[in-house]
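One chain follows as structure tokens, the form predicted alone.
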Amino acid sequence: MDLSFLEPLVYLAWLLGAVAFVLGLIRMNSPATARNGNLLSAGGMLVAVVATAILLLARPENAATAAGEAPEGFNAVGWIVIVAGIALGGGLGLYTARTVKMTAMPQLVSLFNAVGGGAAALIAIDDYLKFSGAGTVPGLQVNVATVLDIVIGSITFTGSLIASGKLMGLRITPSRPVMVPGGQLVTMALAAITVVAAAYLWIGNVSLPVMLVILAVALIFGCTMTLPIGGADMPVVISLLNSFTGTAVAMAGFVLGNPVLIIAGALVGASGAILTKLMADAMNRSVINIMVGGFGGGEGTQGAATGAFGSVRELGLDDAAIQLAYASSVIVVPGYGLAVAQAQHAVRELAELLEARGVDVKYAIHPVAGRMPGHMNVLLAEANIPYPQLREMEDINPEFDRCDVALVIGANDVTNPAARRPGSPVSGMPILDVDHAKNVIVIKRSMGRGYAGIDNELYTNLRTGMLFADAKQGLTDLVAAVKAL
């Protein structure tokens, strides 16, 4: 086949795929268009993959094989691996997309980050093995991109696996910070080794052992970087690792000379970096501070029923129902406890029941509520809660002063007034001003602490009533109690 005619068409298809990525990313800015944006981006990737496959099949060696010849250079095994990989990866992707629970979505995102970073690193490793076997020195542009791809992709691979394990609560990767002995010295040593080894390769040397040293150091660094980070910082870490994945993919694009990978990776890397900065600002912490060491002892630590700021007031189901039913304004504050209990549909039912009684219902969304960026938005959107009711922290905070009831469901650290005073692990972290509401109802299973590992002073506030129950069961009981009024 005449490649002079086909190649421009393939490059045009790649360009269309890249445009679809950009437009898809723009549409993801709004919950109302996010699903279509995701489909548009996936369609762009499909176009790029199909175009690449056609180009590979049309190359002289493959075209000759299709005609019954067996030219030197045709790699039938390679095509079998590609087809099998597409079938296996596509099948697993379809299965997980249809079966994964919303509570497990953060872990899945971390695993996707690991797969993306690992795949990008393997591309660079394969390319370098070819140069090493031939004894040729790659050009500086390819050489730099190859080393950076190996480093960033490998860090993302192990770091994302550790983050996923923390989110799953595995024994070998607990959600609490795991301090590495001599952590900062180890980090500095690993960084120094990487810089020296990379410089050795960039000045024109080809050495497989040195490349393997860089690979090993990067894999170790991914572990030592993520282990000391506490569970409260996981949303920021997931976003940062997502940015790393995009950067690694962009480097792989430079290695292969593929503009689709460069554009797609740059988009993911840049958007992930921006989101990471926004998430860190939402916690009033720098990204460097988070990477140096997270805070918190892990969710579920049992706190006392009384504290230095007062005692806990337990609220009965009927009292809670009366407060909600006869309020003029209710603000729902969802947290990870809502996700764990899969209570998003129950809270929608309660909200619709209150709205039928003339109550104004809104939802307060903290940027780092849950386990990943946008976790609460995705969860509530799944229950078809109207998008205009989902209000970001900056918009909703002034309304708590005029709110009759703030209904907190499984949110902990993001509502803790301790953030407003110095000396607390969450000091300076912007929070939802739940304690400004006239009445506060907290649905929680126990007095367990959040990921920051400290007591929530909201629970001992004189305006707060604790409704101890599983989020889903508690909301279901509230629905029944309101209907009975």
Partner chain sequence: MSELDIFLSNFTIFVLAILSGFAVISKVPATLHTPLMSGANSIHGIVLVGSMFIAIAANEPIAYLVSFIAVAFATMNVVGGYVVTDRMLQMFRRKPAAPKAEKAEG
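None of the values given here were measured: they were computed from a predicted structure. Residue numbers count along the first chain shown, from 1. Think of the rigid core as the biggest set of C-alphas that the two forms share within 1.5 Å after superposition.
This protein has a second form, the form predicted together with its partner chain, left out of what is shown; the following refers to that one.
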Query - Which of 117-125, 406-414, 183-191, 209-217 lines the interface with its partner chain in the model of the complex (heavy atom within 4.5 Å) - result: 117-125
Requested in this report: Check whether V77 has any heavy atom within 4.5 Å of a heavy atom of its partner chain in the model of the complex, and answer yes or no.
Outcome: yes
Report task. Determine whether any heavy atom of T52 comes within 4.5 Å of a heavy atom of its partner chain in the model of the complex, and answer yes or no. Result -> yes
Query raised in the report: Though only this chain appears here, would A339 touch its partner chain in the model of the complex if you measure heavy atom gaps against 4.5 Å?
Result: no
Query raised in the report: Wondering, does D401 line up within 4.5 Å of its partner chain in the model of the complex on heavy atoms?
Result: no
**Report entry** Contact residue in the model of the complex, chosen from M168, M179, A356, I203 - any heavy atom within 4.5 Å of its partner chain
**Finding:** A356
Report summary line: Answer key, its partner chain contact in the model of the complex at 4.5 Å (heavy atoms) among C223, L315, I396, L256: the residue is L256
Query raised in the report: What are the residues of 238-272, in order along the chain, with a heavy atom within 4.5 Å of its partner chain in the model of the complex?
Result: I238, S239, N242, T245, G246, V249, A250, M251, F254, L256, G257, N258, P259, V260, L261, I262, I263, A264, A266, L267, V268, A270, S271
Requested in this report: Inspect the rigid-core superposition and answer whether the C-alpha of D126 shifts by 2 angstroms or more between this form and the one not shown.
Outcome: no
Query raised in the report: Has the Cα of Y363 moved 2 Å or more between this form and the one not shown, judged after a core fit?
Result: yes
Report task. For P386, state whether the C-alpha moves by 2 Å or more between this form and the one not shown after rigid core superposition. Result -> yes
